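Below you'll find only one chain, the form predicted on its own, shown as structure tokens.
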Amino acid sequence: MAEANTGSTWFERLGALDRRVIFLLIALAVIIPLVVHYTTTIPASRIVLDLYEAVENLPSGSKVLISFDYGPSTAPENQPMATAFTRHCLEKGHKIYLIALWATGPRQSQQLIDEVIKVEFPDKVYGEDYIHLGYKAGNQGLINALLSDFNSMYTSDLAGEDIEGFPMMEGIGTLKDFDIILAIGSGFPGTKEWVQFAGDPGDIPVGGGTTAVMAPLLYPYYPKQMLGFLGGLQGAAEYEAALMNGYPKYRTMTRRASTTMGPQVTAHLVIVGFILIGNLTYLMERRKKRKY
């Protein structure tokens, strides 16, 4: 009888665990993996692999338009996507054109140039291998305009240099002259607008990625209207995994999405553990009440 009371008391105490203890354990589940740089590798799903293979199978020298339709608030999810796309495109010898439908986009694309292109691809020449065209207002109206006349909207790069002086701008007249559009977004206008106003009417291959909260709105466009798609930080981590498998040298390089997924996975495991404990405690208490 004493043993039964002891067991019951233990479960009652567990069920009444102070929420501050739970918050502390979740905080530790996030902080410790960050401190020890715990990285988790997530195998790429089919929707991510399809986009990876589409970029991989483009002939060297293909023209890739990357749109930065997000800002600093969602950069933790979106920036790793941009990094993975850029690494892959430049590794394959593609030419990348950086633009933005958001006024905050150029800051993110410039960060990409400074931290990724100039550091990891010092042999790439501005104006020949990549160009920063910056932001233009107009939302989906801008996309419509670019579909018919690209050069009337973009007459200079972000620094104000005439684009006619850059070799990689030769042959660019409309959006149809690009081999693929990679749209990275976190709202309106963004990835969906690139599909609706460029991909569909112009028959241009479109892929990209958005924050996790926006992802459900984009999944219906795959696979007929989008080649593939990265949904949130997990999608970015999956693309990093695909890139790492294709190019082993990236195993030793910074993979921001994979590193950030480590604390996220650990925190989720802790939460699931508490859910299981809570349910078990409830069942034990109900069983006790039935006995008496």
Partner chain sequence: MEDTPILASPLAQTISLWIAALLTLMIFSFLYKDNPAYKFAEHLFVGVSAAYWMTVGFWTTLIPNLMAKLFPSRMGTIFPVAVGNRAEYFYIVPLVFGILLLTRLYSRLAWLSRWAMAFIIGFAAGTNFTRYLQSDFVTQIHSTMIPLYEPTGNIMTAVGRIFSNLVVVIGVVCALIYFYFSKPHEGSFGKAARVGIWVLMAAFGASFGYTVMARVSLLTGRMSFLITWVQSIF
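Numbering follows the first chain given and starts at 1. Think of the rigid core as the biggest set of C-alphas that the two forms share within 1.5 Å after superposition. What you see is a predicted model, and the numbers here were worked out from it, not measured in a lab.
The same protein also has a form predicted in complex with the partner chain, omitted here; what follows describes it.
Considering Ala267, Met244, Leu49, Leu58, which brings a non-hydrogen atom within 4.5 Å of the partner chain in the model of the complex? Checked against the cut-off, the match is Ala267.
On the criterion of a non-hydrogen atom at 4.5 angstroms or closer, are Phe166, Ile172 and Asp179 all touching the partner chain in the model of the complex? Not one of the three qualifies.
Is the gap between Thr74 and the partner chain in the model of the complex 4.5 Å or less for some heavy atom pair? Residue-level check for Thr74: yes, a contact with the partner chain.
Are any of the heavy atoms in Val125 no more than 4.5 Å from a heavy atom of the partner chain in the model of the complex? No, Val125 sits far enough from the partner chain in the model of the complex that none of its heavy atoms falls within 4.5 Å.
Touches the partner chain in the model of the complex: Lys192 (any heavy atom, 4.5 Å): So Lys192 counts as contacting the partner chain.
Any non-hydrogen atom of Glu115 within 4.5 angstroms of the partner chain in the model of the complex: Output for Glu115 is no: heavy atoms all beyond 4.5 Å of the partner chain.
Neighbours of the partner chain in the model of the complex among 128 to 146 [non-hydrogen atom within 4.5 angstroms]: The stretch 128 to 146, when checked against the partner chain in the model of the complex, contributes Tyr135, Lys136, Ala137, Gln140, Gly141, Asn144 at the 4.5 Å heavy-atom cut-off.
Is Gly232 among the residues whose Cα moves by 2 Å or more between the shown form and the other one after superposition of the rigid core? No: Gly232 shifts by under 2 Å between the shown form and the other one.
Taking the rigid core as reference, does the Cα of Ile47 move 2 Å or more between the shown form and the other one? Superposed on the core, Ile47 moves its C-alpha less than 2 Å between the shown form and the other one.
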